Structures are given as structure tokens and as C-alpha cells.
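This document starts with one chain, in the form predicted on its own, laid out as C-alpha cells.
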Amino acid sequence: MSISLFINLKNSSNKLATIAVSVLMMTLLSACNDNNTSIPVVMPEPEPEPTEYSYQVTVTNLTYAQPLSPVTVVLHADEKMWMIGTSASIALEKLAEAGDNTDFIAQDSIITSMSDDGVLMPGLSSMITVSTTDTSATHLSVITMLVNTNDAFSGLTGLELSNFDLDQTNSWNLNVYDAGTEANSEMAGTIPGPADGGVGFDEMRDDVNVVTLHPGVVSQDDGLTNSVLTQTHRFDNPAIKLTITRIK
């Protein structure tokens, strides 16, 4: 090969290399300056919708002549809203003496609540649905007052919900508690129900001041002469039937 040919080939290779580098640089610059060209952006996965849990609560009044105050259902964390042998809270006292659940559902520990609008008459049932997406709402309580008494109530507290599968149903027959905040005098003016129409909540506590199982109604028919109650207002345990179904 002649020297001149070698030089021409070498120059040709250099020119090709220079052209290739130039094209590459122009491509890179074009990519940087071209507004229509963008680097793919990986979008974060959307937050999953919170899971909703719903429970259908049915209460049946098993008594003969004891209307129940508006049935109240609350969801809360791991605790009990009352316990035998302990003093009733003011909120529980108001509910047990007057059937007033206003303070009960306003307690800081309550996450969500639902209640009936009116009384539940004997032999009838009430169905309430309570729902939440709050994962701290791990327990459920149900409560109602027997209004033809001084301070009797019934219900279930601190029921753990993690044990409920979808469509699972559990039932309980529930006894009656005595709030221990008002003596069971059965006297006129002390009972808020239709048997008397008396005063409900009284902040003075004149009883044992601890929650117990209720001893039952005595009535005028059994010798309690000052009682406004009759034998029809007596109740046997259980006083209510509670059924809970997880529906969502």
C-alpha cells in the first residue's frame, strides 16, 4: 500500500469518527433541550382505600312490661365501659337512671356510636348498624336502661371484634345490672318510665356506689307499700337478647 493511500484512509477514518461524535453530541443536546422529550416518571402506587367494617346489632326486649331506653351501640378500643364491683361513671349513671345516653356516647374513648331514636317496647326488636374504618375500634359495647326501674340497665361491654369473620353471627341472652347509684326504692317520683314519670338522673348517690347484678323489682304486690310498680314490672333474667352479625 502506498503512503498516500494510507494517509487518505487514515484521514477518512478520522473524519468518520469526528462525524459520529458530532452526531452523538447533537442527539444528547437535542434530548436535553427538546421540551417534548421527557424522562419516564415512576408514579407512586395510590393509597389503598381504608377497609370498612360494619356490624348489624339486634336487640330484643324479653321483658313483660319494661320498655328499654334507646338502645346504644358504641365502638371503642380495648376496655370495658362498666364492670361489676367498680363505681359507675357519671355517663353510665345518667344512662342507668334516666335512659340518657348523651354523655355516654360523648366519652373520649368512644370512636363511633349509633343509637335508636325511641324506646324499645316489650316483645319488640331493634336493629342498628354501626360502621367504621378506624382500626383502633377493636371492641363493641351495647347498653340500654330498663326505664321502669330506679337504675337498672342491661347490655354487653368490651366485645372483641377481631373474632368476627364476615357474615358470622353470635347471640347472647343478657342479664340486668344495677348501677348502684340510686336506691331501688321504687317510690313515686324516682322512676322515669311510664309507670311513674318521675325524675331521672340525680347526682346524689344513695346506694352502694358499685355496679352489681340487679336483685329485681319488688313491687307493691309483694308488700313494698311505697312502690309505684306492680308485679307486671318484674323481670326475669335474661332481659334482652343480643345478636351481632358482621356484614362488611
Partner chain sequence: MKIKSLISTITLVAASASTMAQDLDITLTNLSQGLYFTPILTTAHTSDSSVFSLATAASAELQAMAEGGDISGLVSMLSNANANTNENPASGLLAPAMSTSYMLTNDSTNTLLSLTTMILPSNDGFVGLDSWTIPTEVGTYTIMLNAYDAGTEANNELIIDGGGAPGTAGIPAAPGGDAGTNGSGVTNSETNMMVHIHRGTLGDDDLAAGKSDLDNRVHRWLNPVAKLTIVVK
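Keep in mind that what you see is a predicted model, and the values were worked out from it rather than measured. Positions refer to the first chain, counted from 1.
One more form of this protein should be noted, the form predicted in complex with the partner chain, which is absent from this view; the next part is about it.
At least one heavy atom of residue 123 is located within 4.5 Å of the partner chain in the model of the complex. Among residues of the shown chain, residue 58 is not one whose heavy atoms approach the partner chain to within 4.5 Å in the model of the complex.
In the model of the complex, no heavy atom of residue 202 sits within 4.5 Å of the partner chain.
By the criterion of a heavy atom within 4.5 Å, residue 195 is excluded from the residues contacting the partner chain in the model of the complex.
The three residues 62, 234 and 237 all sit with a heavy atom within 4.5 Å of the partner chain in the model of the complex. Annotated contact segment (heavy atom within 4.5 Å of the partner chain in the model of the complex): 218 to 226, selected among 202 to 210, 182 to 190, 46 to 54, 218 to 226.
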